[in-house]
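One chain comes next, on its own, written out as structure tokens in the form predicted alone.
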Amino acid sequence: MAGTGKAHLRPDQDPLVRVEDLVVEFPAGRDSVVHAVSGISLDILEGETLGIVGESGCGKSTTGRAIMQLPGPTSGLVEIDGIDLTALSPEQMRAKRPKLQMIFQDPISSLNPRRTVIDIISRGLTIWGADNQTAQARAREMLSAVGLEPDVVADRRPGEFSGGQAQRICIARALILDPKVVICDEPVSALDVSIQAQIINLLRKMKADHGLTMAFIAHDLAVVKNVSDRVLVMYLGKVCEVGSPDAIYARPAHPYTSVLLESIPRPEPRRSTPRPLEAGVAELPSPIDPPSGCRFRTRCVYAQPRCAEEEPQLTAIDADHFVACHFPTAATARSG
């Protein structure tokens, strides 16, 4: 897996979001530590959507929350528009929060069940000094923008809505403060497939209308491809591949990326070449004691002794395509 290699694909441009050597660790008792995120770096350009993908337990949601400082990382730099959030006091960070919003995975549980929809959405404006009439008028505009009828939903409570409707409310709440950066933490994974497409289309529209910069976190590469300008693949707290959606799908260079692609359901699945992940070694290693060297090596059929001894670094293999693998040609040849 990747070490502290950078996912900075356009060094000639200043990113809006810059993350350097991000480390997030949690105590696990008896002097044990969960290594949730282990020294990753990434950039997101203004107006770009970076898809962050990986299976459960890879650290992608923890990365999103660390960028939000919910909580802050164990170490590393999180810079938004040139300001290091990790160096801010709680009061200074609070002043920055309107420009940095988050959409959560479970829309129902992220909404206060005791408040009406109009109060939930307008609350952010009233906290920052807007009078109630102005805030509620703006909230009604946001409800219309996300495809809900204000006169019908404004006085209802979250428990009266479907998952898709609740997620539209969450999007309206996140955007009413006119943020610059939105972290979408698996915003469609709890929804039906037909509703997923509606929410993805809505996020695209909101991004264009509001000029948003987004990180879109998901475990499904098919979903990420449809919404992202670039894709970052994570495994067990490390970055293993970064590239455009077309490059990732057509020429996956890391064996783990190939595994994720093979997990996408197909109408007529075929298996003409060996899988890079065998069924007998499918269990994710513990983040308390991750493997040495390449973290994916314990599940990879292409692993060699070097993979246990040396941690691969993120290296360019093509324009805007980076991979952290000692033997990337094995996966690429297999996908060709």
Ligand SMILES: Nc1ncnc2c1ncn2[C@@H]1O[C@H](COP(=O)(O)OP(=O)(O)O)[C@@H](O)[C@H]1O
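Just so you know, these numbers come straight off a predicted model, no measurement behind them. Residue numbers run from 1 along the displayed sequence.
This protein has a second form, the form predicted in complex with this ligand, left out of what is shown; the following refers to that one.
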Taking any heavy atom pair closer than or equal to 4.5 Å as contact, tell me whether residue 58 reaches this ligand in the predicted bound form.
yes
Spell out, yes or no, whether the shortest heavy atom distance between residue 51 and this ligand in the predicted bound form is within 4.5 Å.
no
Indicate whether residue 62 is a 4.5 Å heavy atom neighbour of this ligand in the predicted bound form.
yes
Can you check whether residue 45 is within 4.5 Å of this ligand in the predicted bound form, heavy atom basis?
no
Going by heavy atoms, what in 21-44 lies within 4.5 angstroms of this ligand in the predicted bound form?
26, 34, 36
